[in-house]
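What follows is a single chain, given as structure tokens, in the form predicted on its own.
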């Protein structure tokens, strides 16, 4: 399981000190296996943009279990070498344009997976076991492209009953956004418990939040069930509206117009460059 590190984390019962978004991005090494939740969960788009500004390179992204907006902008910025996911999409806005362009150009490697397979591999790491079985992949063409997934006889079934064994997957870094952290570094996720599994399975968890509040969520009967213990969080950074354009629980909704504009502009290299200059680097668009 992941253990809390030294960067911006609380130690024991000591207060937690948030770090800057830039310092958080700088702590992600080039080439790291970086796990990101989907647009309908708790993505940290703010951290993705900070990674771009910091010049990250060679990242291996894991979509948990699908990839979306943050993945597409990281690919477009040249930060990504590999993507392991079950899909890359902007939802109703259509295909992810920078992913599509990179795939056609052969500048990234794609490792196909399925949603249940990704969750199963993470659950194995969370539980501290070397692999877990999954039956639903039997008969799928995806097995021909995943030599690391082993098909073998079910030891508890009749002869000819086969099962797929999936290796535990422990990302080097998990990154997501949450509503709030408390003064001891515990993070409240609400009902998005899949991010708890991600934090448990990963070697390091970096979390951006809307705010830090006083108190201890784990001592509050209402908040504790939706909280990840600081034990599994390496660092917290404040990034207001850090999930945008994704929705964040009851804080703000999905910004469909923003994604639609991005999808239109990012169809071309020039359009993506203009979008980046404005939205990531803060340069004002020409009139």
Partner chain sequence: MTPADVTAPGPSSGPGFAPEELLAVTLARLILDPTARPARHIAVGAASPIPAAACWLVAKLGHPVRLSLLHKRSGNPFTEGTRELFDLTGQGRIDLFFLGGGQIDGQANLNLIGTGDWPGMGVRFPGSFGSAFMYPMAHRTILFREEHSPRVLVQRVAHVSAPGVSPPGVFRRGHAQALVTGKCVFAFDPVAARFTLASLHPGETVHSIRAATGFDFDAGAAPQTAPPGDAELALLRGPVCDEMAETYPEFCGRIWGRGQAA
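Numbering follows the first chain given and starts at 1. On a predicted model such as this, the values are computed, not experimentally measured, just so you know.
This next part talks about the form predicted in complex with the partner chain, which is not shown.
K.L.:
At the 4.5 Å heavy atom threshold, is residue 191 in contact with the partner chain in the model of the complex?
P.N.:
Taking the distances in the model of the complex, the answer for residue 191 is yes, it comes within 4.5 Å of the partner chain.
K.L.:
Is there a heavy atom of residue 160 no more than 4.5 Å from a heavy atom of the partner chain in the model of the complex?
P.N.:
Judged by the heavy-atom cut-off of 4.5 Å, residue 160 is in contact with the partner chain in the model of the complex.
K.L.:
Given that the partner chain is not shown alongside this chain, does residue 250 nevertheless sit within 4.5 Å of it in the model of the complex, heavy atom to heavy atom?
P.N.:
Flag for residue 250 set to yes.
K.L.:
Is there a heavy atom of residue 139 lying 4.5 Å or less from a heavy atom of the partner chain in the model of the complex?
P.N.:
Heavy-atom contact with the partner chain at 4.5 Å: present for residue 139.
K.L.:
For the partner chain, considered in the model of the complex: do all three of 65, 112 and 134 come within 4.5 Å of it, counting heavy atoms only?
P.N.:
Every listed residue reaches the partner chain in the model of the complex, so yes.
K.L.:
Since the chain is shown here on its own, which stretch among 202-210, 73-81, 102-110, 168-176 would lie within 4.5 Å of the partner chain in the model of the complex, judged by heavy atoms?
P.N.:
Correct option: 102-110.
K.L.:
Sequence order please: the residues of 83-109 with a heavy atom within 4.5 Å of the partner chain in the model of the complex.
P.N.:
Going through 83-109 in order - heavy atoms within 4.5 Å of the partner chain in the model of the complex - the hits are 86, 87, 88, 89, 92, 95, 99, 100, 103, 104.
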